[in-house]
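There is one chain below, alone, in structure tokens, taken in the form predicted on its own.
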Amino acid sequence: MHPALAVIKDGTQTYQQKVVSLAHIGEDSISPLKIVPDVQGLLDSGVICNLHEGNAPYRPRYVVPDYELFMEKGSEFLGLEAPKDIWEATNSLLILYRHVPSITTFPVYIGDLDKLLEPFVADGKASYQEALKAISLFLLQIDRTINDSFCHADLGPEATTAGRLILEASREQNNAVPNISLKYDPDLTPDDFAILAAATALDVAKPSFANDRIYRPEFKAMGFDDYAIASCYNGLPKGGGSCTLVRLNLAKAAELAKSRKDFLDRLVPEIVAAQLAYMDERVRFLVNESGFFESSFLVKEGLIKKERFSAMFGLVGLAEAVNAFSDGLRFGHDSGADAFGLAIIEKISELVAAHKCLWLKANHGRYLLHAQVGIDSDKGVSPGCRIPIGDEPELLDHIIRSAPFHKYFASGIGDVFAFEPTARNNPAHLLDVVKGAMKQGLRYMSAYSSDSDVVRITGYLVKRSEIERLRKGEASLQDTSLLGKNAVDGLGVLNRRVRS
């Protein structure tokens, strides 16, 4: 059956999901990129993967608008003036979201919502009930129309009235969209606000905790005054984004090496060079031929700037690559295996840092390293640098062994922990875990209660109840429900070790 006809006849996809699927098929019917045979061979084998970006890049993978500027000036293209109250603010944002492109067709970053909405609720500008109603309806609209939990909002690090209302509404609604991160700094984030975030996370698997003390100085050193956490857990410059995300499957690559030494000394440099060349070609086409940066009103109105776009060098399957050459020693359990894993990441980091893309200005043309969360077709391949599901050590040991890898990944790495339902009785304990983890150098961590309907799959959220709808052959509103179902079946993500 022709792929397009298969989509048309698929009873588990909504109309909107079919439109997107058919668009991908159309895009892949052409091949304008100049790809050398060696790189094409690695793409065909799955060692390099473009994560379903398509053959002809016509928009950046991730777009991170300057929503603060939008709230200050409005938009001439959209015919919107700067909002004056909470209803105009939420309405204006919802209108703009409809016009923010990304790989998912939905916005992957919807702003630091607490800071965007705080001016309209602080100091009695809206009553508590009015503000809660406006924010609740706003979040409900997002969940029902941005049908993809790669849609991401940020809070913090400071506590705000709007932030508390967002957490309260999120907990009440129990929805998977939007994904949320709390930029956490113990000097700036009051404990009562962080405990509210922890309690919300145990109920609805969000927010996750981003280590603001790591992210902020890193992006400042790159020349950016602020950063966003977008999509899964991707650190990106505000007012810019990422042109592409291509990943290296280290688990598959290990099959091509004869020994540990051969893998590290010969194969890693070869496949890294191939992926860098492929990324360069994708960026070149997007910047020089697609016309995106010349035609988008987001560029013309200053909401995004080409010079604030980078691209992400992703990797996956480190644990499996290490275990393939460790003579029975296990990644995440044995110091020798962990040391080899660090040697691999250090080598990749050095090679990526030495490369400059001619068509990018952000970070001096250097790509950002990213521990990719996996895709739904992965089987036996652990996300990024994570310890394999079902083989996790005790919580403290897990954190200590994972933390050394986090410093390399400015554009995102994270660990996920499932807790017993009784943890809801003491969310301050989860905050203590977060504080300790971040002191160890953990960049980003997520937590949820093991009996929650909303669960974190890898970097995105899905409702168990929606997965069950798909199992019955029914359509699900969220695009990510199918990805979550396949990850549950192929990677066993619901079998994470439950922490007491």
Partner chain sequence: MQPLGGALSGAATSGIIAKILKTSAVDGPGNRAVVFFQGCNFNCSYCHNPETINYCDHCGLCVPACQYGALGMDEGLVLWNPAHCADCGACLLACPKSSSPKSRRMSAEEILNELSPYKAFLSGLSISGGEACVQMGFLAELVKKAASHGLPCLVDSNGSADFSAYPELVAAADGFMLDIKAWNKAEHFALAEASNRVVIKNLHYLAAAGKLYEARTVISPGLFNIEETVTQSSRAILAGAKASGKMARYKLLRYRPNGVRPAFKNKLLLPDPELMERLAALARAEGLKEVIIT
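Positions refer to the first chain, counted from 1. A quick note: this is a predicted structure, and the numbers were derived from the prediction, not measured.
Here the subject shifts to the form predicted in complex with the partner chain, a form of this protein not shown in this document.
Although the partner is absent here, residue 399 lies within 4.5 Å of the partner chain in the predicted bound form, judged by heavy atoms. Residue contact check for residue 394: one or more of its heavy atoms lie within 4.5 Å of the partner chain in the predicted bound form. With a 4.5 Å cutoff on heavy atoms, residue 48 does not count as touching the partner chain in the predicted bound form; it lies far away. The partner chain is not shown here, and in the predicted bound form it never comes within 4.5 Å of any heavy atom of residue 290.
In terms of contact with the partner chain in the predicted bound form, the residue from 173, 145, 426, 349 that brings a heavy atom within 4.5 Å is 426. Checked against the partner chain in the predicted bound form, the residues 453, 38, 432, 27 give one hit for a heavy atom within 4.5 Å, which is 432.
Only one of 60-68, 462-470, 30-38, 439-447 places residue heavy atoms within 4.5 angstroms of the partner chain in the predicted bound form, namely 439-447. Contact residues in stretch 479-500 (any heavy atom within 4.5 Å of the partner chain, taken in the predicted bound form) are limited to 500.
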